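Just the one chain here, laid out as structure tokens, in the form predicted alone.
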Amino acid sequence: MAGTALSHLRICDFTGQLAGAGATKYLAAMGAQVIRIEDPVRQGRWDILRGMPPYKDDRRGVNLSGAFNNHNVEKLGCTINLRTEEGRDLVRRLIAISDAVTENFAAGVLARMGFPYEEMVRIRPAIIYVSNSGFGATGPYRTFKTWGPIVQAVSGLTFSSGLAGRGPAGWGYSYMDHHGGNIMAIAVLAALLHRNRTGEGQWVDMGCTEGGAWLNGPAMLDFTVNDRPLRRPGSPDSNRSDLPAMAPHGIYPAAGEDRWVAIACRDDADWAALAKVVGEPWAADARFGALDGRLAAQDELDVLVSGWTAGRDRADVAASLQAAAVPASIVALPEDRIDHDPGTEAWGLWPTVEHSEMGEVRVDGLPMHLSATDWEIHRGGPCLGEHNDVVFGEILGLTEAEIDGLREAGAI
């Protein structure tokens, strides 16, 4: 992909799961040659997504995970056994010709495999090493292992979401695994920019928990200055808004099972427009004409709005309110965004890749476009060891006999 933004870069990649593999997916889609290293002995155990659902069809196996494929498109995949000296020598040779080494093992794991930062610098003085663990490589928690939901709980994010009188709800998916990958991608690019200016490589130490805590800035300021916790008696319930104050402002049921519509009245003009669309006697109640009255009666107002939306198609509700300039939208399901949204289709957010075993599969694209050096995603994620001959032969220059010897020795 010579026309893409990062086609001049090579990444020696040990990442896995979401927080790491998501970062190098960005780099690969932007044209970087990402060489993903996996363990041939443990058959994908470095990355728990290998072999996990969702699947395209009834087939199962370490090369058939839709989740793994999604986060590893456009990467080259090779297997190296770091328990062998031959395998460690292959890694040294890859580091010597790479711009960056990336990993998201627990802190210290790659060093124990024989590749601390000092060894990488010995191999290539200008190397950039980016490690991404739960708590980073320093501090009292550095030896602790985490997953996305644990990171969210420790960082304080989980506490921010929940219904009044109930325990913290958090999120139903590993938000910080995904967002951790975003931060890691920025870290790689920042270090590369520094090296382009100075010629200096460096170790970028990242902690996902700190990445989560960083998102709590306004809540932490409110607590430290005003001694107010984010969730407290009298705080906004569920989807309501008090900064700025709006009413009605929430998610309301629509016709059908688990179908919803979002409505936000920003001011009295929005309310007047909504009341006209509703056209029912309660919408003309003088109490609701001004914001103070609507805020004082939010519980009652939510019940009334819910009663109006519940028997109506969510798309019809949203369209009628949008036509009146009232902010409203269906609560989209994955099917809505992927198959029935002309805006998303025009954006090209779901490209189809060709996977060596699964065939054609749709994956996530990138949520931005560059006018001159845009991203490209065509090739599916690598099967285990799929590009061994490419990496060891074409890139490292080994002969076919040498590669066969490495296989016989159990090094690849």
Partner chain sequence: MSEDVTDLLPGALDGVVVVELASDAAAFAGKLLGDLGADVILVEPPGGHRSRTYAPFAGDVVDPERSLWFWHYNTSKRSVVLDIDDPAGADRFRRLVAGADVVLEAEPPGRLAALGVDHPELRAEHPRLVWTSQTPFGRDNPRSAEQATDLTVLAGGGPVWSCGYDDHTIPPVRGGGNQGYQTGSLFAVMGTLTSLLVRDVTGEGQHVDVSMHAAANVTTEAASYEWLVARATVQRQTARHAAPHPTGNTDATCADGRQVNTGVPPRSAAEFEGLLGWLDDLGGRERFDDHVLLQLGVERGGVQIHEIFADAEAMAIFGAGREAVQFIATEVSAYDFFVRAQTLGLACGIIYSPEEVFADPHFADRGFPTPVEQPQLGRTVTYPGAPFHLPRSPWRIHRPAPLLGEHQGEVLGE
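The term rigid core refers to the most C-alpha atoms you can superpose between the two forms while keeping them within 1.5 Å. Positions refer to the first chain, counted from 1. Bear in mind that the values here come from a model prediction, so they are computed numbers and not experimental data.
Keep in mind that the form predicted in complex with the partner chain is missing from the display, and what follows is about it.
For the candidate spot formed by Trp171, Ile251 and Asp341, every residue has a non-hydrogen atom within 4.5 angstroms of the partner chain in the predicted bound form.
Residue in contact with the partner chain in the predicted bound form (any heavy atom within 4.5 Å), chosen from Ala255, Ala296, Ile97, Ile186: Ile186. Proximity to the partner chain in the predicted bound form, defined as a heavy atom within 4.5 Å, holds among Ala213, Ala284, Ala111, Ala310 only for Ala213. Of the candidate stretches 297-305, 275-283, 73-81, 178-186, only 178-186 has residues whose heavy atoms lie within 4.5 Å of the partner chain in the predicted bound form. In the predicted bound form, the partner chain sits within 4.5 Å of a heavy atom belonging to Ala137. Ile412 falls outside the set of residues with a heavy atom inside 4.5 Å of the partner chain in the predicted bound form.
The closest heavy atom approach of Ala5 to the partner chain in the predicted bound form falls within 4.5 Å. When the partner chain is considered in the predicted bound form, Gly51 lies well away from it, no heavy atom lying within 4.5 Å. Along 321-355, residues Gln322, Ala325, Val326, Pro327, Ala328, Ser329, Ile330, Val331, Ala332, Leu333, Pro334, Glu335, Arg337, Ile338, Asp339, Asp341, Pro342, Gly343, Thr344, Ala346, Trp347, Leu349, Trp350 each place a heavy atom within 4.5 Å of the partner chain in the predicted bound form. Superposed on the core, the two forms barely differ at His194: its CA moves less than 2 Å between this form and the one not shown. Taking 2 Å as the criterion, Leu333 does not count as shifted between this form and the one not shown: its C-alpha moves by less than this amount when the rigid core is aligned. In the core-superposed comparison between this form and the one not shown, the C-alpha atom of Thr209 has shifted by less than 2 angstroms.
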